[in-house]
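This document starts with two versions of one protein chain, written out as structure tokens and named structure 1 and structure 2.
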Structure 1
């Protein structure tokens, strides 16, 4: 969900340290620097990052809220271990929710937001050419095509679910199972079809295309995992 506004009684310096630590640990977990299943050692991390145990615990609590860390009785905090079943569930949820978000984006995105999305997709096309069609892995946040569309829905609950709760888990899967795919060019073409539907302000077509796009991605991931 969206980050809560800090309490007026909280030291601003502490907030800054906690935010920075949270971002650092989240990136390390998502990109595999801290491996799935790893035990979270509070003393070691506090020493390594030069922060108080209080700031560290707050950052870990936020990671737990994003489902990147889990606490177990008599074990403590660990990075989540992802399963095939969990990944398929995430794709099923995304198909429904991102379809809805794309429908709303076709209605609610401003002309300027759509123009910026067009520019972003052109940059992605250049990236694919540089990778010779072997990779299409987008940077997070505003540099992510799907993220921009969800934001364009203007629906705060959808944004919270897709851009916070599920977003980083999905990126963690992408890093864990590899980013290269023979579907790169096809995925890019599908993004173009989606963009055309949004430009045309056609919410029904936009939703249909997003659902088909995510379903194709899921089938591709299923095939890749079965081949491992």
Structure 2
């Protein structure tokens, strides 16, 4: 679930101050500790974290590249405000990118990776039967599943795009809108079909099912937001 383990350097923890700051701020923004739309004051944040403004600015720069903050010259940076339209945009991109990732995963995942994915899915199935109320683990499980498939594509650029950029934005939406999905059972079934296509090494079908899965998830989110 963390982003630094697969992508970043070999060292155990991020060495440089800016790296740690970036991780900290990213988590704070994603989890809503720093309110969406709020202005980021460089002097204040620097003081709070006990670092220089220079280091902070580099961290903010990275956050901007990941679309978590928006910056205007000579005016300052604000945490992004999430809109319904932007959420749709994200889902469209996810559909395209994860569809391709799944296609590639059907070709490139090792037999062992596929087996592990099957085990993971079985665990999810048990969790759903045992504690149907606990939506948190379902969400976590859903992320795990998608995460592994993306890794299985073996396309490093694609992995970075999804895991380092898009997924954080998506988690931010989840925190902000407090999404508790009532369709964990359906999602589980869809994961099952999808995995079958991967086991059969059928890229075309795998991509198709993933795209349907994400569209279905999107429709669910749309419905939930309109209910409010």
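Here, rigid core means the biggest group of C-alpha atoms that superpose within 1.5 Å across both forms. Positions refer to the first chain, counted from 1. All figures in this text were calculated on a predicted structure; none of them were measured in a lab.
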Please match the form predicted together with a further copy of the same chain to structure 1 or structure 2. 2
Relative to the superposed rigid core, does residue 195 relocate between the two structures - that is, does its Cα move 2 Å or more? yes
Using a rigid core superposition, the C-alpha offset of residue 72 between the two structures in Å is 2.7
